[in-house]
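Presented as structure tokens, the chain that follows is alone, the form predicted alone.
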């Protein structure tokens, strides 16, 4: 029996075992892989980086735990960049299972801001992130299309209080902030159809700058909106998050995930190629045997 015959009869559990070993190895062993940034993700970073301290960025965390691996690193990278630049952030989580996850991310990023760090040669002193002063988390309400429309009139219509029960009029950073007119941009991080509502009912009606962070499988269908100017930037999947981390000089979950993803894909491609070669070689031998017989 030849090597290709053996490979064709290989128990798939060995393939899964090798893939698991490669994933664990690439995660545990520290090394860097080159990340090439793309114009659509560079546009989001440049926009945020150009804002003066005190400006407000609206970040919509519109994904569920099943999209956490791809989209959570975007939240960490973008929010930390905003707070290092001393920007204020308004959060919403219009996906039903998102608020608790968003609240935990806010707490984690707030902790990381306590430490002095250097990004792209610039030293940022650690500081405490204060709820109500540096950010306001509006939370979740159902019927996201109506919520997006309502916030275009007044944030207080759908959200009379924030996620923690504080009346919005009592939140320091929300004084004088009525609707989208007072925010520099909206960044929607989404793994579903909420993105369409932000484009149609949000940007289309109120004409604010809109950027998107999407899962990998969603990204391609939103490039026409980038070409038309309805959105000014896109981060696509784990790679988009890694690109943002690269530009911010803040390696995190995305760049770690890209190491694992790179070698996992190489293993999968290897077995696909070998499997196809084995199939055609076996088929050729069977054909020759029939001709001889």
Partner chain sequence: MNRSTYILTAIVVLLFIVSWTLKAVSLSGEVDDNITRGFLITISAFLTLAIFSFLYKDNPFYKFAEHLFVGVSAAFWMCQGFWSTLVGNLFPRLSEGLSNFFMVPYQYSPYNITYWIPVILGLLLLMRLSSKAGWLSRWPLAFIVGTTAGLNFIRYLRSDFVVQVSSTFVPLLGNESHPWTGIGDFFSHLSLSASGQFMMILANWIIFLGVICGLIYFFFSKEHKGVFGFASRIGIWVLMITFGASFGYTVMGRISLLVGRLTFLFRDWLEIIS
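Here, rigid core means the biggest group of C-alpha atoms that superpose within 1.5 Å across both forms. Note that the structure is a prediction, hence the values are computed from the model and not measured. Numbering follows the first chain given and starts at 1.
One more form of this protein exists, namely the form predicted in complex with its partner chain; it is left out here, but the text below deals with it.
Using 4.5 Å between non-hydrogen atoms, is residue 51 touching its partner chain in the predicted bound form?
Outside the cut-off, so no.
Using the partner position in the predicted bound form, report whether residue 43 sits within 4.5 Å of its partner chain, counting heavy atoms only.
No, no contact at 4.5 Å.
Hey, in the predicted bound form, is residue 236 touching its partner chain, heavy atoms inside 4.5 Å?
Yes, residue 236 lies within 4.5 Å of its partner chain in the predicted bound form.
When the contact criterion is heavy atoms within 4.5 Å, does residue 232 count as touching its partner chain in the predicted bound form?
Residue 232: no, not in contact with its partner chain in the predicted bound form.
So, a 4.5 angstroms cut-off on heavy atom distances: do all three of 35, 75 and 132 pass it with respect to its partner chain in the predicted bound form?
Negative, none of the three is within 4.5 Å.
Partner absent here, but in the predicted bound form, which of 78-86, 180-188, 194-202, 116-124 has residues with a heavy atom within 4.5 Å of its partner chain?
Selected stretch: 194-202.
Could you run down 236-266 and flag each residue that has a heavy atom within 4.5 Å of its partner chain in the predicted bound form?
Counting only heavy atoms within 4.5 Å of its partner chain in the predicted bound form, the contacting residues of 236-266 are 236, 237, 238, 239, 253, 257, 260, 261, 264, 265.
Compare the position of the CA of residue 36 between this form and the one not shown after a rigid core fit and state whether the shift reaches 2 Å.
Superposed on the core, residue 36 moves its C-alpha less than 2 Å between this form and the one not shown.
Would you say whether residue 68 is displaced between this form and the one not shown, judging by a C-alpha shift of 2 Å or more on the superposed rigid core?
Comparing the forms between this form and the one not shown, which are aligned on their rigid core, residue 68 does not shift its C-alpha by 2 Å or more.
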